[in-house]
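This document opens with one chain alone, in structure tokens, the form predicted on its own.
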Amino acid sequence: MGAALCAALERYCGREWSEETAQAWSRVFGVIAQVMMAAAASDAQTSPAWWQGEVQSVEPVTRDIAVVTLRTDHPYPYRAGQYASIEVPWWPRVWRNYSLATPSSVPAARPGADGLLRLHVKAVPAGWVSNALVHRAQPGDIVRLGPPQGRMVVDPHERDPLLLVGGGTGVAPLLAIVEELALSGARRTVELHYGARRAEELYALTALRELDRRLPWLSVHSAVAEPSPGMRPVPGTERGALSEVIARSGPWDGYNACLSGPSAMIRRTRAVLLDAGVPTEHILYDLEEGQM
């Protein structure tokens, strides 16, 4: 890598490149490489390159969504709102990202202190990993987890009101955030909007409404984009896409926001919040810039 870097610099610097410059860049790269290797070696003492996760259960909640519970071989150092890359044994070297639905800091006397991780997985067409997790995985199977990633992390000590918007299985990290806030003793206003295309896909609504009943600072709202033929409307559920519901709710000035779900939903909801005066730096999500 160092040789390639110096060759590229030499090519594009033209006459500005000299033997003295080459030696300086070589020394700089040597320092950087040594720092990175030392840090990697130190980190390897406590955090492996990947974790083994044993499947404890696969609980179907709809026809194509399941809650997959894992137990890792080493403590998994994540924060609520983050996600993990998962590799299944049937598709080696194919990694997919799934958000964690469990809070990361749980007192020993509370559920979840057993170190279990829960993923909400939707089997999608041609989704090798998702279909394997939902339809093939059994207790005892071993998957691999990469290091936790993601910037959708909420500081439990902040007091600003918080807006959480989750579409489909994107509700998983929001559940973790709410539960972690509850465990930390937070008392900030939290508005959670949960939506799906149809009412039968609101698989997490019962759990969210139980949290709403138990936590006085939390308000849960639900929405469906399309009616379900032959089904009664879910009481208390609005009609419309999440971005439309957010646009006619509010006001949202003064709020921080976390957006999780399909990329199109995140883009539209982000635009609504920006129009409502929410600063860009107060809107957290985990999409690459190219997806925006």
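This structure is a prediction, so every number in the text was calculated from the model and none was measured. When you see a residue number, it is the position in the sequence shown, counting from 1.
What comes next is about the form predicted in complex with a small molecule, which does not appear here.
Novice: Check each of 165, 121, 178, 196 and return the one that places a heavy atom within 4.5 angstroms of the small molecule in the predicted bound form.
Specialist: Contact check passes for 121.
Novice: Using heavy atoms and a 4.5 Å cut-off, decide whether 99, 128 and 286 all contact the small molecule in the predicted bound form.
Specialist: Every listed residue reaches the small molecule in the predicted bound form, so yes.
Novice: Give a yes/no on whether residue 83 approaches the small molecule to within 4.5 Å in the predicted bound form, heavy atoms considered.
Specialist: So residue 83 counts as contacting the small molecule.
Novice: So which stretch, 90-98, 206-214, 138-146, 181-189, is the one near the small molecule in the predicted bound form (non-hydrogen atoms, 4.5 Å)?
Specialist: Looking at the partner contacts, the answer comes out as 90-98.
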